[in-house]
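In structure tokens, one chain follows: the form predicted on its own.
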Amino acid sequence: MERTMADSGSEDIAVIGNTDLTPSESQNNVRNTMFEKGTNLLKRMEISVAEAEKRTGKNAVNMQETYTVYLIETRPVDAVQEATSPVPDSLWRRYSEFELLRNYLLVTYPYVVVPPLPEKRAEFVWHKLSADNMDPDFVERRRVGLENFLLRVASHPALSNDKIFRSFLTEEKVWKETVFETGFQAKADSRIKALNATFRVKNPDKRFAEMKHYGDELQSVISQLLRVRARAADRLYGVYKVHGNYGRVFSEWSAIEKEMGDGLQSAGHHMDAYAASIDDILEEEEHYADQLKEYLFYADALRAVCRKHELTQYELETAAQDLCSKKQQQEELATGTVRTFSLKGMTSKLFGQETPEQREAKLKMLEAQIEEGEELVKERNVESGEFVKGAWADIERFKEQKDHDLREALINYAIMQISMCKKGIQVWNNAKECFSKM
């Protein structure tokens, strides 16, 4: 199912990033090609996270640590279709390297709802599920989640064309140096800056404000759903395991019965199988929970795009306000009329007016500043318009993907529950036959 989910909604927009350029040149290139048709990498390359391996080594402070690495395998689709089965290219990556890749994508493509990584530590777990991030079952679910992350990125029309992403799949040794050389960290916006923009922007775009609110509600709803599921799993586990007592009691009872003994013993075996089946059932359920968790984290990625828009709008408004202030100063200096109270105006009245030469010099300086301000406002307007255009296109792509994925996941979850109930009915029908033969 992961590949189907990753492929959905991948052809709606296309942005081509060129990471050989400087950060500013790369951003301009992205804007200029915002709606060119991209190439889905999955059409040319098969990508998988084949296995996980626990390793021990020394960290940056020379202390011993145990960590997990994941084997990424890639091979050309053409070769697979021609049945030549070439040996796949492979390399090992740590979870922290996946995090570095995603942080780079978040900064480089601020208008994209960047796919989330699977959880670093287990959340919303029921009591029998280990929260240890080194637990084999958790590592396996994370492996599946990391593969789905790569498939999501590889199917995205903008992200799949990024050279840093492609080198992540193929260059094990020098990849970290390559990503840091892009200078993406210097472009990252601080949380304080983003928070300041949220509260100070004067004309927020209603669509993005509503989408940000939707992201909050989506995260809240899915969190509640996962909590309900965890409680239900706890109770279901207990109910199934209690049924194991039937097996023990029927087995003990069969020992004292002659005519009914075989029937009771057989019914007891069915009860034991019924009690044991809950482990596989809840393990399968956990995969559906992981699909819901993906959209729990997607909600934050959606809000990140909205916050970036707020920051873009705030920068535009600040530049426009500064330009307006400079023009007002120019008018006041040229006419000698102070329209608003200022410390400079009071000082002039108290200590005398400026000489004509001083006024002329200030006017020339203001003219230069106004010209620069007009260029800046124009640039900010273009940036804001292109950001809105690209971001809204990607949000529409995301919404289509979300609707498809969640509908499919919830339908499959319902089908699984129906199947579980049918198996339970079959167990009791088998027990009924055992009782009827006594």
Partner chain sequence: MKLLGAMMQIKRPRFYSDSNNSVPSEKSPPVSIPADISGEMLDLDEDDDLEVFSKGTSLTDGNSLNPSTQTSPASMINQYKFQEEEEDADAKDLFVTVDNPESHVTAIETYITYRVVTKTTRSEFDSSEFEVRRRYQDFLWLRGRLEEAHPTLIIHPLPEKFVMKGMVERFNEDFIENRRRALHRFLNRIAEHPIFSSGDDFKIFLTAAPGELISHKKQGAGFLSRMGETVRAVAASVRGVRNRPDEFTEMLEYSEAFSQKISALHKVTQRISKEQREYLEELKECGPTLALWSSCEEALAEPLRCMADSLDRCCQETEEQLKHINDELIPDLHEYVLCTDTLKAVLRRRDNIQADLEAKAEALASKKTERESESKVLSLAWDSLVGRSPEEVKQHKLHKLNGQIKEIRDELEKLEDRQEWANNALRSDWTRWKKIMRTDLQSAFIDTADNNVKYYEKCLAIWESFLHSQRAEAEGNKNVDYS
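In this text the structure is predicted, and so the values were computed from the model without any measurement. Positions refer to the first chain, counted from 1.
Form predicted together with its partner chain: not shown, discussed below.
Remark: Arg397 does not count among the residues lining its partner chain in the predicted bound form, judged by a heavy atom distance of 4.5 Å or less. In the predicted bound form, Glu259 approaches its partner chain with a heavy atom inside 4.5 Å. Using a 4.5 Å cutoff between non-hydrogen atoms, His243 counts as a contact of its partner chain in the predicted bound form.
Although the partner is absent here, Leu406 lies within 4.5 Å of its partner chain in the predicted bound form, judged by heavy atoms. The candidate site formed by Arg152, Tyr314 and Lys364 is entirely out of contact with its partner chain in the predicted bound form, as no residue has a non-hydrogen atom within 4.5 angstroms of it. Checking 144-152, 182-190, 231-239, 364-372 against its partner chain in the predicted bound form, the stretch whose residues place heavy atoms within 4.5 Å of it is 231-239. Only one of the listed residues (Ala320, Val77, Leu117, Leu225) places a non-hydrogen atom within 4.5 angstroms of its partner chain in the predicted bound form, and that residue is Leu225. Out of the listed residues Tyr274, Phe165, Tyr298, Tyr109, Tyr274 is the one that sits within 4.5 Å of its partner chain in the predicted bound form by at least one heavy atom. For the partner-free chain shown, Lys241, Val242, His243, Gly244, Asn245, Tyr246, Gly247, Arg248, Val249, Phe250, Ser251, Glu252, Trp253, Ala255, Ile256 of 241-256 come within 4.5 angstroms of its partner chain in the predicted bound form, judged by any non-hydrogen atom.
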